[in-house]
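The chain below stands alone and is given in structure tokens; this is the form predicted alone.
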């Protein structure tokens, strides 16, 4: 009996501490939950306002995006094609969905200016989607007959098979504008150098932070990290995408303000904000 009592007492003593009786006793458990709920509500509100056509904060203009028309215009003047590619483009990947916004925009510019656009890709399902996007862009521009399906080219799914295929296409076709949009790996610098060798104006946009230094060094314009997604939202104007990006930006601003206020309060010896965040 005594042993049983001791075991019960030991179990009670080792019972994990909780916050408010339901939250695990870890840093920011309560604050994180309420901040997450606030973000969910904010995203929902921004999406609904965007769908209803009500005013929401604008996404700032990104210099790389403003160069798209300049790049296509230069290709038009020189009578040379435009090339756009994305290596990691699985049809279900979020980077691929962002890439499609850029592809539609570039294809529409090319169709409007009657400029040839070449798209290279590595996935057979994405190939079909890319072809339809470009075809639709030419249709909307009133030039359906100018669309050439042979310019939507499937390359090897193997990384350096794709890289060599694209580098060869760039060398042969000599595009005046080279768009490297999406997620890339070690092939990034090879493709950028191939474009530089033919004198193309190059615009890169990628969320692959490890490859951004190569794009910055070799390309004329580079959209860094989340600018890639913000640019896709701006181009597509799709309410779900646009509203989500706006809500995330508002959340970042709010959290930054909380940090600044906490830092000022802590400087004067008041750690209430820190305890709130860590609760």
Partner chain sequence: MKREVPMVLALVFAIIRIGFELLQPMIAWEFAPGKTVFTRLSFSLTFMSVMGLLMGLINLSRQHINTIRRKREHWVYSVWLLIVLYGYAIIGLIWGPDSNTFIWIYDALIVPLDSTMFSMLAFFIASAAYRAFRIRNVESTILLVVAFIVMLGNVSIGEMIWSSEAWLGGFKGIKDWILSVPNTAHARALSIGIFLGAYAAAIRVFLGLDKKYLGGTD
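The term rigid core refers to the most C-alpha atoms you can superpose between the two forms while keeping them within 1.5 Å. Residue numbers count along the first chain shown, from 1. Everything numeric in this text was worked out from a predicted model, so none of it was measured.
One more form of this protein, predicted in complex with the partner chain, exists but is not displayed; see below.
Within 4.5 Å of any heavy atom of the partner chain in the model of the complex lies no heavy atom of residue 145. Residue 153 belongs to the set of residues with a heavy atom inside 4.5 Å of the partner chain in the model of the complex. Looking at residue 76, you'd find every heavy atom of it more than 4.5 angstroms from the partner chain in the model of the complex. Contact annotation: residue 97 falls within 4.5 Å of the partner chain in the model of the complex, judged by heavy atom distances. Along 94-132, a non-hydrogen atom within 4.5 Å of the partner chain in the model of the complex is carried by 94, 97, 100, 101, 104, 108, 124, 125, 127, 128, 129, 131, in order along the sequence. Shown in the overlay between this form and the one not shown, fitted on the rigid core, is a CA shift at residue 212 smaller than 2 Å. In the model of the complex, the separation between the C-alpha atoms of residue 209 and residue 255 shrinks by 3 Å or more relative to the displayed form.
Three angstroms is the minimum change: in the model of the complex, the CA atoms of residue 255 and residue 208 sit closer than in this structure, by 3 Å or more.
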